[in-house]
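Shown next as structure tokens: one chain only, the form predicted on its own.
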């Protein structure tokens, strides 16, 4: 394994937090953040792909996307959130209440799905009625995804509201220069992630899907300059790596914040060469471009197409292109229990591709039923016309 890949995967497996850029005036900042006596910058945990990380970086905070853990008991979170909800949200809430994420100086939740929105409301209520629970300053970023100008105006207002909140939190309004630098840095990282993704394509296959998932997870929690340097090193080192083996498939359906399902699929002889969730290829599909609040609003408004927000037609067109571009020879939809959106997409996705396809539904968080996996393997290796 290359040194850069090992460093990225080690970071992906480690608890969130760590070194971040130091705000030059952090020790004197009169905001609500606690005074710093160490060398670490404030850490902002965030939930969902709709949080504009550029603004967190511009506020001299370390953005860390929070992940759940299928291996840990999430009963505490279920007790607050109730049943029938994506278990990822229950796990994230449990880990927040247990302090599993370490020090968090701010918490930002996006409305990327209904589970995230419910998580925000519960956290807000906990802060109100149980002030002894150590929940950091909390903010919702409500990004909508309808393709209308009125939606853009709404999202732009939310971006400005978020920028102002960060300025109040840190006691130091975000400067235009810091904002522009953060936009450029995160765009560079997204561009590097796309180049890493290309190395999963036909004739390359330099990364397994499990490794690619770990690379994205690291990029979601490293300081942006550190992520950029490691990704550049990774691209250089992967040029001479032997191709990874396995039956190449495109993975759709639920998102994955941990590697267990990828490991099970690839342990069974598959090779995940692409996916359409926001902890994979979708994370880097769109740049911000211009260093303006409007460009940030449009980037997050039109990000996707993710299963909870995009139309069936858009999802099918995206799947068709992704299968073709990565040379996938199969389409697998993995659907987690209580994740209701992906099954609605699958018939159109299956009809849009000319490779065998299969769907496994109502799967436990971080697992795939062995019998369902065997059935899917048989369908994915069958001639395409047999599965229609």
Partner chain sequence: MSAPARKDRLPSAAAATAHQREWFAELHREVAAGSPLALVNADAPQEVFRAMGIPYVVNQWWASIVAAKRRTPEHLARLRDRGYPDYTEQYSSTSLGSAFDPDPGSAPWGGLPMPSIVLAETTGDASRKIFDVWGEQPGVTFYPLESAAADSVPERWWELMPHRWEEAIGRDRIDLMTGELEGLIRFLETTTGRRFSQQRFTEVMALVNEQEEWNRRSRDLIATARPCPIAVTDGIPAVMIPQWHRGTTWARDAAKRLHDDVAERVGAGAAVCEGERARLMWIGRGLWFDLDFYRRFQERYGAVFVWSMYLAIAADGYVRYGDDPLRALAARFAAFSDQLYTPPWSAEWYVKEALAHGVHGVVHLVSDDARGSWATTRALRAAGVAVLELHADNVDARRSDPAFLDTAVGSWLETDVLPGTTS
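Positions refer to the first chain, counted from 1. All values reported here derive from a predicted model rather than from experimental measurement.
We do not show the form predicted in complex with the partner chain, though everything after this point is about it.
Between the partner chain and the residues 293, 142, 287, 237, the one pair within 4.5 Å by heavy atoms in the model of the complex involves 142. Screening 179, 120, 262, 101 for any heavy atom within 4.5 Å of the partner chain in the model of the complex leaves a single hit, 120. Stretch 157-165 is the answer when you ask which of 179-187, 253-261, 157-165, 198-206 has residues with heavy atoms within 4.5 Å of the partner chain in the model of the complex. The closest non-hydrogen atom of residue 87 lies beyond 4.5 Å of the partner chain in the model of the complex. Of the heavy atoms in residue 309, some are within 4.5 Å of the partner chain in the model of the complex.
Residue 73 falls outside the set of residues with a heavy atom inside 4.5 Å of the partner chain in the model of the complex. Shown alone here, residue 341 lies within 4.5 Å of the partner chain in the model of the complex, counting heavy atoms only. Of the residues in 119-142, those that come within 4.5 Å of the partner chain in the model of the complex through at least one heavy atom are, in sequence order, 120, 121, 122, 124, 125, 126, 128, 129, 130, 138, 139, 140, 142.
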